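Given as C-alpha cells, the chain that follows is alone and in the form predicted alone.
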Amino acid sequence: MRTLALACLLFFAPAFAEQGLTSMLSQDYLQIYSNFQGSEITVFGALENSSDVGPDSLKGQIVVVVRGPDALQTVRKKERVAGIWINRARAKMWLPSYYFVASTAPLANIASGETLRRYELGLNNLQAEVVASDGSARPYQAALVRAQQKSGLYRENPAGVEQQSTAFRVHVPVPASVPRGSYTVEVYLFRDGNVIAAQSTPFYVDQAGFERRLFEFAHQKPLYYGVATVLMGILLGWGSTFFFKRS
C-alpha cells in the first residue's frame, strides 16, 4: 500500500503541486569494516516552488524516513509449563531490518492517522507482512518493534529535521549492527495534512575489504569455508599446545 501510494505521488505530484522539494545524501554507499563502530549519514535538501509562487509562500512540514531491506523475522512467546519457561506461540512476519523517521513536528500534528498509516510513517504505523501467526499478529509486531528500538535499529525523532528558511537537514544514525543491503530514503513534504511532494533516494550498506571477501567465501563456498575453519581450529590448538609445552 505504501509503495503504491508513494509511486502514484511521485508520478502525479509534479503535475499538480505548486511546491516541491529536492534532497540529497552525504553518501550513497556506506562501507563496513571489522572496526566499524557506527556512523551516520546526512540527508539535506531544500523546498522549491514554481515560478508563480514567491519564496515567502514556501511552507510545510517535512518527514524523512529511512528503511532498510525487509527481513523475515520470528517472534516467540514464552510460556511457563510445569515450572519451566519455554517458547510456545510464535509469529513470522516481514518488516524492515532498519527504520528511522524524523520530522519537523510530532507526526500526529502533521497528518491524520489514516495518512500516516498509508505511508507507514511512525513505528506504530508499520504494516508487517505476516507469514504465520498463532493468534493476532499485533502483539508480536509490537514486541518486535520494542526489541528493535532497544538494539538501535528502529528510531523515531519528532524533532529530527533541522530547518532553516527553505533548507533542511537530517542526521541519520547508523548503528554498528546495521544490516547490509539496499536502503531507501524517503522525504515527504506535508501541507495541511496532505502530502504535496515526495522524493525517494536509495543508498547501500555493504561490507568491504577482507570482511567482504571472507563473507563471500563463506556463502559461495560453504564446504571449503567449513573445512578451512576446522583446519584453522586444529592448527591453533596444536600451536597453543606446542607453545605452552616449551614455556
Partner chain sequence: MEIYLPIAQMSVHWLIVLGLGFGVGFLSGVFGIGGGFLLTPVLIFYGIPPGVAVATTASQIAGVTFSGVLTHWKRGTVDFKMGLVMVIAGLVGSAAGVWIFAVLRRMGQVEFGVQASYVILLGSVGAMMLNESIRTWRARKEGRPSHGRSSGQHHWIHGLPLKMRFRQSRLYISAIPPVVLGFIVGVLSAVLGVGGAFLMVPAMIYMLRMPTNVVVGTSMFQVLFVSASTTILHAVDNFTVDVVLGMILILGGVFGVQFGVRWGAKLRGEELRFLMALLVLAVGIGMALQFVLRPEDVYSLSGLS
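Every value quoted in this text rests on a predicted model; they were computed, and no experiment measured them. Numbering follows the first chain given and starts at 1.
Although it is not shown, the form predicted in complex with its partner chain is what the next lines describe.
**Q** Using a 4.5 Å heavy atom cut-off, are Ile32, Thr74 and Ala218 all in contact with its partner chain in the predicted complex?
**A** Verified in the predicted complex; spot residues all in contact, yes.
**Q** May I ask you to choose, among Ser26, Gln207, Ser39, Ser200, the residue with a heavy atom within 4.5 Å of its partner chain in the predicted complex?
**A** After the contact test, the surviving option is Gln207.
**Q** Choose from 39 to 47, 62 to 70, 189 to 197, 176 to 184 the stretch whose residues reach within 4.5 Å of its partner chain in the predicted complex, heavy atoms counted.
**A** Selected stretch: 176 to 184.
**Q** Any chance Gln164 has a heavy atom within 4.5 Å of its partner chain in the predicted complex?
**A** No.
**Q** Is it the case that Pro139, even though its partner is missing from this view, gets within 4.5 Å of its partner chain in the predicted complex, heavy atoms only?
**A** Pro139: contacts its partner chain in the predicted complex.
**Q** With the cut-off set at 4.5 Å between non-hydrogen atoms, does Ala128 touch its partner chain in the predicted complex?
**A** Output for Ala128 is no: heavy atoms all beyond 4.5 Å of its partner chain.
**Q** Mark Thr104 yes when one of its heavy atoms lies within 4.5 Å of a heavy atom of its partner chain in the predicted complex, and no otherwise.
**A** Looking in the predicted complex, residue contacts with its partner chain do not include Thr104, since no heavy atom lies within 4.5 Å.
**Q** Looking at its partner chain in the predicted complex, which residues in 75 to 99 have at least one heavy atom within 4.5 Å of it?
**A** Contacting residues: Val75, Arg76, Lys77, Lys78, Arg80, Gly83, Ile84, Trp85, Ile86, Asn87.
**Q** Is the CA-CA spacing of Leu121 and Ser133 tighter or wider in the predicted complex than here, given a 3 Å or more change?
**A** Farther: Leu121 and Ser133 separate by 3 Å or more in the predicted complex.
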